[in-house]
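For reference, the chain that follows is the form predicted alone, supplied as structure tokens.
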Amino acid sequence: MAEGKALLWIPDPSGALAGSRLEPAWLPVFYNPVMEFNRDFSVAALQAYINLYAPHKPVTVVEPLTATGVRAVRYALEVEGVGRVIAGDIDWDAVSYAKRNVEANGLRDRVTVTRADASALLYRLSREEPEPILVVDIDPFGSPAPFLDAAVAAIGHRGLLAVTATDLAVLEGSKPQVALRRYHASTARMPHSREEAVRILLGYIVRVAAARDKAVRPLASYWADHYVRAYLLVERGARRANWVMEHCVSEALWCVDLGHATFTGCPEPGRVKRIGPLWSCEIGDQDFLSEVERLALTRFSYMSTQRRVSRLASTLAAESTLSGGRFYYEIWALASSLKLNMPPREALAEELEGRGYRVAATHLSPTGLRSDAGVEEVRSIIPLARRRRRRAP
């Protein structure tokens, strides 16, 4: 089969079908076709990083959980500025598939496949590589938490750390005890659980990095399909790490009766649940995301999910400037707290913009928006937005 510019050998899917649906975990070597969008975005994001931030070229990429090797092969084939890719997996069958795919795409001289435990491989590379690794991509089945310290140890100054987490039940508050064990954070089920998942993951990565005197800055982070994905710029320096810990990691409050989550305190008395620690600053970088969008529309126009990549990058770029220090507004939750029906998002946005506030859609919810207006102002405008809907022809 083909994906991007790669030709791939994958396990026979006929033995991993639940009805007409593929269960990737049932395959002898994990391969999920639904994650093609994730991999397409990753290719564009890696190119954007190299274009904007890489301290030198070519870059070395490490993918220590490679499975069939599709991501490693695509990085080598499709991204300009990638010199060497080191792919690893603990499973013999995975290593066999990955090597076969490297051969099929003529990449024997650029992609090295090795059988190794992921963390052991990263720790070894951090000690033995003559030059610091600039890109590490952690894409596990489940939580990335067990691999993050090794990833941070291996990555060099101004390197790129890419992380996927598929344990959404944990990150979104359905399994609070597991979240405490795995991410050292308190969680709660709430209307903003998708943003909670993104920020809990980012907050944990920040703390892991800080323990090694490194600071991280999210270039892009998002919720999609069944996972959270983040791309972070890693910089050395205890002072940088201290600043990030002081200014961008905190607790948040889920103001239950208000229908909103906040970093600054609930404006009215009522039921409150504490969540965190979690990331409280911007969840993306506008310049980086604009570059991802540009690349998706030009260099990577051949991708099968190219339109989705460009749309998501555009949405993330717009909302990133309004994501620092605030959660998005979930309109149905705010309306419910007022015992009102929900107004259209567009009507509420128009009312806010008419009062001079900035507004952006969020990728996290079709009934949510971001704004620099305070929650009390937004709640006061909801009845007006409902009347605007009734006046519309």
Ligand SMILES: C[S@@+](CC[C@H](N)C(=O)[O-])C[C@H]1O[C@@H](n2cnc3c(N)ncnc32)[C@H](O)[C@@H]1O
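The structure presented is a predicted model; accordingly, all values stated were derived computationally and were not measured. A residue's number is simply how far along the shown sequence it sits, counting from 1.
Just so it is clear, the following notes concern the form predicted in complex with this ligand, a form of the same protein that is not shown.
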Ala118, heavy atom within 4.5 angstroms of this ligand in the predicted complex:
yes
In the predicted complex, does Gly81 have a heavy atom within 4.5 Å of this ligand?
no
With the partner left out of view, is His260 within 4.5 angstroms of this ligand in the predicted complex by any non-hydrogen atom?
no
If you check in the predicted complex, is Arg39 within 4.5 Å of this ligand, heavy atoms only?
yes
Among the candidate stretches 355 to 363, 61 to 69, 47 to 55, 336 to 344, which one is within 4.5 Å of this ligand in the predicted complex when only heavy atoms are counted?
61 to 69
So this ligand isn't shown here. In the predicted complex, which residue out of Tyr183, Phe288, Tyr222, Phe147 has a non-hydrogen atom within 4.5 Å of it?
Phe147
Work out which of Leu297, Cys266, Leu233, Ile90 lies within 4.5 Å of this ligand in the predicted complex, going by heavy atoms.
Ile90
Going through 246 to 263, which residues have a heavy atom within 4.5 Å of this ligand in the predicted complex? Please give them in sequence order.
none
